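A lone chain, given as structure tokens: the form predicted on its own.
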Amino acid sequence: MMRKPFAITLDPGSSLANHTGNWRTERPVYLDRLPPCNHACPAGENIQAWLFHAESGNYEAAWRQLVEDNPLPAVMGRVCYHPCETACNRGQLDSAVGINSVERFLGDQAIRNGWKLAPSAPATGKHVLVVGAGPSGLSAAYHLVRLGHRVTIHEAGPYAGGMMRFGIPKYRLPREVLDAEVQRILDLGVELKLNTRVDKILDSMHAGNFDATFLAVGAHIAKRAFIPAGASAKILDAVQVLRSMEGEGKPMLGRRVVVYGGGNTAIDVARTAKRLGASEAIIVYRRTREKMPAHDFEVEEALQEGVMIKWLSTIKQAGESTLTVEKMRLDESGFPQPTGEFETLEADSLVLALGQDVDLSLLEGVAGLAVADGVVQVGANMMTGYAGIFAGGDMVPAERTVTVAVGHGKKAARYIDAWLRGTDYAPLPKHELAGFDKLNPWYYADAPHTVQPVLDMVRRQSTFDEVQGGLDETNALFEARRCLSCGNCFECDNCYGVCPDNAVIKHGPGNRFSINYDYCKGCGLCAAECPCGAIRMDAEEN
């Protein structure tokens, strides 16, 4: 809600509305600033633009704006860790806009209503190979086909989705949601070849006569740790456990399950174990909660579901039905050190969740390609050292999240398109950031964040039903309207109403305003009273 602006209206012909002469030291300038949510989004979404459509109730227009950058909004609305909300200026006023929940609502609306997209460019005659049908590969394929290129995905597994399917449990991402958004991409003309492993990338490129390749192989190889163990000790890896959940036979973990690790995968395995009937699911982590890489809300949900966590602990030995755990302490630098104090845990199985690596064997024999720390080195254009071979997602140095991977796919597609056309792609320069200090928050009433519904605890512990519910239309509309439109004019008319000189010219809905500098004194009232920081006072040039 906005305060009604105080308006002073002067007839331009009045003697009080004289030209200002040459004594003005500053002049107001309308500008667009970069919203912090847009700036923080790894997928490069124009969040403020689609929220604008959503708050008007035009959900299809909002969705179409959203999928210009991200083809998986219903997935992202469930699994993204929403750094956009951490950056949201509204968080300094009351609480951040629930961007992620509105994105999920729009994605679900699209699935429910069967909204489709068509390629937006004529065919180029170029053929691109995408290796891997995970988030990065699907994103690249989507953007490339919309740019007019023919795209074929080679996926080693039996289903599309990559780590979205084999690394994220169903209680976080229902498979019918994932399948619907994958199918929409395929409906654009993307060819998907399942159970098609690429052993040598150059051989595959030559055999298929591909003009370029995007490598998007996920991190499916579990890291191991040396733990002395008896022959009868049951030790599994987290990726193996989560992948087996997609098959007919569920993993046999037993009644007492210990998970070794501190990331989101460790949390997912422990919560999965509880749902499979484990009476005890214990996470052993060598550091404190503050240092745990798993996201805090996931840790909290796991604790609510009965998962136990032993902080500052490490596993020293595994037996047939027991584990030896050593307690750790933090030294002066905060690094865990052994104490020599041990305890025994009863355990039917031990699951290692210590991170994953990428299988890079397909790159053997590729000249000029650099690998460091288990990932492929790429330039600013996402291309490897071998011309025509690009890479993204888990294969390159970056944070390993679905959102980052989707952003890599879009970025790579634009550079691949330019490379195929023999041109250069240059991203548009970014506007200056619209920080909280640029806003006038007193114009906005408190409107607390809408809380999404959560599945009841009994079903959370015994079924794989989705834990987090979505917003209904009323709540989604309310949440979208909490957006402050940081840095961009939304035509509230404040500048028009407060100008004492009738110097603000109103151009009608959607066309914003301009300044008649013949009448403007440079008093700065318009800039001072702009709620969203879309007016800047610039020094007058002599």
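If you're wondering where the values come from, they're calculated on a predicted model, not measured in any experiment. Residue numbers here begin at 1 and follow the sequence given.
The same protein also has a form predicted in complex with a small molecule, omitted here; what follows describes it.
Student: Counting only non-hydrogen atoms, choose the one of 193-201, 141-149, 246-254, 301-309 that falls within 4.5 Å of the small molecule in the predicted complex.
Tutor: That would be 193-201.
Student: Tell me, which of V131, A110, V378, L350 has a heavy atom within 4.5 angstroms of the small molecule in the predicted complex?
Tutor: Checked against the cut-off, the match is V131.
Student: Of the options T124, T314, T401, S321, which one has a non-hydrogen atom that comes within 4.5 Å of the small molecule in the predicted complex?
Tutor: Flagged contact: T401.
Student: Is the gap between L242 and the small molecule in the predicted complex 4.5 Å or less for some heavy atom pair?
Tutor: Yes - in the predicted complex, heavy atoms of L242 and the small molecule come within 4.5 Å of each other.
Student: Does A180 reach the small molecule in the predicted complex if we count a contact as any heavy atom within 4.5 Å?
Tutor: Outside the cut-off, so no.
Student: Residue-level question: is D417 within 4.5 Å of the small molecule in the predicted complex, judged on heavy atoms?
Tutor: No - in the predicted complex, heavy atoms of D417 and the small molecule never come within 4.5 Å of each other.
Student: With the cut-off set at 4.5 Å between non-hydrogen atoms, does I227 touch the small molecule in the predicted complex?
Tutor: Close contact is absent here: in the predicted complex, I227 is far from the small molecule, nothing within 4.5 Å, heavy atoms only.
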